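Below you will find one chain, with nothing else, as structure tokens; this is the form predicted on its own, and questions on how it binds or moves follow later.
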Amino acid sequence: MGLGMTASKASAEVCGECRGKTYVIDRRGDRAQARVCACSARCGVCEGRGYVYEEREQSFSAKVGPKRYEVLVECVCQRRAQRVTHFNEVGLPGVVAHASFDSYRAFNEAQDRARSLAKHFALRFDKAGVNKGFILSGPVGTGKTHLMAASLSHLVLEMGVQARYVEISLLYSTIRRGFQEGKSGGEIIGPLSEVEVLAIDELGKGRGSQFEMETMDELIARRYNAGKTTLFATNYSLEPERRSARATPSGYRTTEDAKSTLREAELLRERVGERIYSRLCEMCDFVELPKETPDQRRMRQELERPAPPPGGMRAGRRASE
């Protein structure tokens, strides 16, 4: 159940900060953090008590028939506060604090399909059932993390779902530091294995060491066996087979050409191994963004770049003299 139109309805509708949601998401340092909006700080339903009476009806016997009674239940403001606390434990990066499905810009059909898939997943999530996750593949800067963040924000704040976000290489670093503190990898992986929805970013990234492969295999295997929902983003292709490399017309290839061709040819299947890839096929819907998809970060930087002075560099030099 959403929180926006339940408590403090009148004030929330006119609030220009939260726009009726009763909570606000900000960027604080390197993390996205939520807070209860000022318009809803004082609950108009329970007047700050935290609990309200709810009328219920139940038949205790065929002779007596249905009876109505009141029970003391948690107010919506308490649920809001709990969801805000849970959101702040998700670990979403600060750069996607304001990510939403409406703010995602699609430049091609594949991106449109990715947004529709992520939005459908979030809006139709069944807390009592089994939910299939998704995996988004594509070049850097194409909004994969944006869509995962939008999905998690909706699930946690609007539906009360427990979720976590991890960037795979940072997870490896956390486990390595844990070893130095006497912790086992299982102690760190355990909570990630049990959370309702886990988003794993940069899948396939790393050196491919035995430690990394075993860590990734254990985490995904635990979630697969428990029927938990997992979301993934990767820069590696979801193609099941490697495509043949295309030679340049002259037959000559520079070192950079060779490196670029190798990067484009790398498959997620090869990065994570057959066992994990097979499980991903069952756990997730796949969407791959073409390599021509524009990098939105670069596009923003180019749009924000100041225009050169009239007359170019010479005019600028004269103006400074």
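This is a predicted model, so every value here is computed, not measured. All residue numbers refer to positions in the sequence shown, first residue = 1.
What comes next is about the form predicted in complex with a small molecule, which does not appear here.
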property: Check all three, 131, 230 and 281, heavy atom within 4.5 Å of the small molecule in the predicted complex; result: no
property: Exercise: residue 33 in contact with the small molecule in the predicted complex, heavy atom 4.5 Å; result: no
property: Contact flag, residue 116 vs the small molecule in the predicted complex, heavy atom cut 4.5 Å; result: no
property: Residue 19: touches the small molecule in the predicted complex, heavy atom cutoff 4.5 angstroms; result: no
property: 4.5 angstroms heavy atom contact with the small molecule in the predicted complex for residue 153; result: no
property: Interface residue in the predicted complex among 81, 96, 189, 110, criterion: non-hydrogen atom within 4.5 angstroms of the small molecule; result: 96
property: Single option in 206, 160, 91, 141 placed near the small molecule in the predicted complex, where near means a heavy atom within 4.5 Å; result: 141
property: Partner-proximal stretch of 133-141, 120-128, 216-224, 173-181 relative to the small molecule in the predicted complex, 4.5 angstroms, heavy atom; result: 133-141
